[in-house]
Structure formats: C-alpha cells, structure tokens
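Okay, so we've got the same protein chain twice, two forms, each given alone as structure tokens, structure 1 and structure 2.
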Structure 1
Amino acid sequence: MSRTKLYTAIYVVLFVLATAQAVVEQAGYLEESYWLAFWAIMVLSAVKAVVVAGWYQHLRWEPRSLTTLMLLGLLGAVALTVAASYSIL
C-alpha cells in the first residue's frame, strides 16, 4: 500500500473511532454502566493516540528511544495524576 493510501485508511479509522466515542454517550451507555462505558471511551482515545503517534508522527519507523522518551513523559504525567488522586481517596 502506498503511503498516501495508508494515511487515508488511517484517517478513516480515526474518524470512525471518534464517532464511536460519541455513539457510546448518545446510546446512553454512560447511564447504564458508567465505568464500563468510561473505560471503553478512554481506550478508544488511547488507540487513536497510538495510531496518530505511530503512523502520522512516524514513531513506528523511528528508533525506539524516541518512543521511550515520550513514554517517560507519559509515565510521569500518569504517576502524578494517579498518585495525587489516590492520596485523597
């Protein structure tokens, strides 16, 4: 597949996943089972982020050190958020 076709296919996937997130809310799943729907929506976001980073930002073809660099930043942000939030539970 040429790069242009690949990028186009990815764009379609991203578009569909974004729509799916809204559909989860519109279909009332948040009211029925909040946390299940919540995690489904967040996982969809994570999948989209990985796809954009991997293909549009070309991390897939870059040295793993760049991915590690970004994951370090992400780890720091998640650690701060989770630990701080847990501390007041």
Structure 2
Amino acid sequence: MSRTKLYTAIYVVLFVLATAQAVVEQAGYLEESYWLAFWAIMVLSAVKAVVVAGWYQHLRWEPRSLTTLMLLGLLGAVALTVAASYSIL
C-alpha cells in the first residue's frame, strides 16, 4: 500500500510541475520576458526529468557511468534548445 502512495505522490508532483509549465507558457510571459520564461520552463523540465528517471526508470540502482551518460544527454538537449532559441529571436 505504501508503494501506491509513493507513486501517487510522484504523479501529483509531476502533474503540478507540468501545470506550472503550462501556466508559464500561457500567461503571456514569453512576450514580456522571454529568457525568464525560458529558464523557468527549462528548470521545471529538468526537475521532471530527474523525477521520472529516478523513480520510474530506476536509475538509482544503475552504475554511475549510465547516470553520467544520461546527464550528458540532458546537457546536449539543453545546448540544442538554447542554440535553437537564438533562431526564434
């Protein structure tokens, strides 16, 4: 039963983070302060990725080299997103 409570709590956390991202996108912050909204969405996305990877993909029990590989992938995704954002402006 405690596992159900844990997964429910993780679901609620992910739901709240996704809702916060949608609020940032829909509230019109992108026109006023693009970079503030950009970094808020990036931080929320990173937190969600860590929660999903840590609990649902069970990276806690994997070797550190695999965790490092995942972090390098995340860094690459952030770098590509930042590079693509310059073409939008």
Partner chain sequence: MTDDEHETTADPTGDEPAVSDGGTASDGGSIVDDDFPADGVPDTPHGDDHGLPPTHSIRRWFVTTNHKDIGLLYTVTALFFLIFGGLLALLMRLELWAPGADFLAAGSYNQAVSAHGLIMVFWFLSPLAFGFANYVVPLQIGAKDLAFPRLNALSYWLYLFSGILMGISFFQGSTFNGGWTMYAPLNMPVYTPDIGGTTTVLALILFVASATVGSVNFLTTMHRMRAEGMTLRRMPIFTWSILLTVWMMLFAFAALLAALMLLSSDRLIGTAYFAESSPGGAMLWAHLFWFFGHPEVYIVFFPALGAMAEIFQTFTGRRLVGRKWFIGAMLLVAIQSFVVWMHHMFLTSINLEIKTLFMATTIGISLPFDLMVFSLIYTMLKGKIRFKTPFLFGFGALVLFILGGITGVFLGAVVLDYTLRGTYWVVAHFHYVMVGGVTGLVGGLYYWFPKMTGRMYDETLGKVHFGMYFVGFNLLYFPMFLAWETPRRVFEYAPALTGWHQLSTVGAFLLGSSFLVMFYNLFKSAFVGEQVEGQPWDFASTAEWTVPSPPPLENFPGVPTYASGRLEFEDGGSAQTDGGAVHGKAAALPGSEVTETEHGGGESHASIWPFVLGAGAFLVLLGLSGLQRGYFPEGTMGGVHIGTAIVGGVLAFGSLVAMTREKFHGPEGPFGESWPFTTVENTKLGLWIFLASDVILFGAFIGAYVFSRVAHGWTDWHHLIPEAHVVLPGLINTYLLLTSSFAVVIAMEFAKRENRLGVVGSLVATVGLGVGFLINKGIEWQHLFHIHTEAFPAGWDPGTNIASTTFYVTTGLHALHVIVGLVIAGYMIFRAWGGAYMGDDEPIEYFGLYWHFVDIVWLFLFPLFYIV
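These numbers were taken from a predicted model, which means no experiment stands behind them. Quick note, the numbers are simply positions in structure 1, starting from 1. What we label the rigid core is the largest C-alpha set whose atoms superpose within 1.5 Å from one form to the other.
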Practice item. Compare the two displayed forms of this chain and pick out the form predicted alone. Key: 2
Point to revise | Rigid-core frame, C-alpha of Leu75, shift of 2 angstroms or more between the two structures | key: yes
Review point. Does Ala20 move its CA by 2 angstroms or more between the two structures when the core is aligned?
Key: no
**Study point:** Core-superposed C-alpha of Ile10 shifting 2 Å or more between the two structures
**Key:** no
Review point. After superposing on the rigid core, how many Å does the CA of Leu66 move between the two structures?
Key: 3.7
